[in-house]
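Presented below, as structure tokens, is a lone chain in the form predicted alone.
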């Protein structure tokens, strides 16, 4: 590996600019190229970050240079084409944002192409990559809190592929298991029949490969994330923040919270994007695996599709992996097509000086 990995950012919208901020901060990476179809924004972002090699599409980038790393931060509709083009051109490491695709076959194509070519394929900005989430999982898996006894997901609704991939990814990490069967109820009925997941709420049960069952609450509870508990009366709770850990009860009968001294990590100003990118770069150097992988994103999409399918069929059990890889669940139009198309464009002035 060179001292500085050469990085191309494909997609220079709001999230792409967050990747740019990170990659231009790290001492072991150098952003060498930007790709975006909007010429005014591309020029403004290039000037802001001092990047001179600007391209309107991935083909033009790859015809002129093959970077070590490609961070694909486009709307979901364009992820597959960009990721596979980069893999076939010889890019060593590729990351994509969430959700990975709308159709399972497209997710398969990206995962399989990268695996076939030995490309490190990472996922994006998910809380599974938060340093504290990884540390809590490590301590749980070491047996410190006892043997797992159960799990629950709270507030699984709104976007079960675009946002729900956060819950599914944390659940799989904590449980060290895959979802093998889904039994789901979906509401409201008019949303359940649409082709995208905006506004869809799911209640149900996930059967996991380790024998546990995870209760799924889409309707309101006091929490919003993932709980796992053990036979030794420990509870780990991820609620869109560093996980809280409780063991036993205090004298008032209230769960006793442990003071978990999570180790600090460098570049925490980028929040959980730091863990995602830094573990990805470490994997490129032969040190471990990405904390979010393309496989993780594919699994989250498959569970979301299974949820919609179970609910549509009248809450019948649906086994995973799904045999029909043509099954599709579109994310919200904003995630699928981007703000430029769905009425939330970024102005050139904002792109020039986004805080």
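Fair warning: this is a prediction, and the values are worked out from it, not measured in the lab. Whichever C-alpha set is largest while still superposing within 1.5 Å between the two forms counts as the rigid core. Positions refer to the first chain, counted from 1.
The form predicted together with a small molecule is left out here; the points below concern that form.
A heavy atom within 4.5 Å of the small molecule in the model of the complex is found for one listed residue only; from 106, 227, 97, 113, this is 97. Though the small molecule is absent from this view, in the model of the complex it lies within 4.5 Å of a heavy atom of just one residue from 75, 93, 204, 157, which is 75. At the 4.5 Å threshold, heavy atoms of residue 35 reach the small molecule in the model of the complex.
Contact between residue 290 and the small molecule in the model of the complex is not found at the 4.5 Å heavy atom cutoff. Shown alone here, residue 41 lies within 4.5 Å of the small molecule in the model of the complex, counting heavy atoms only. Contact annotation for residue 125: at least one heavy atom lies within 4.5 Å of the small molecule in the model of the complex. The candidate stretches are 67-75, 132-140, 113-121, 206-214, and the one lying within 4.5 Å of the small molecule in the model of the complex by heavy atoms is 67-75. Residue 145: CA moves less than 2 Å between the shown form and the other one after rigid-core fitting. Remark: with the core as the superposition reference, the CA shift of residue 174 between the shown form and the other one stays below 2 Å.
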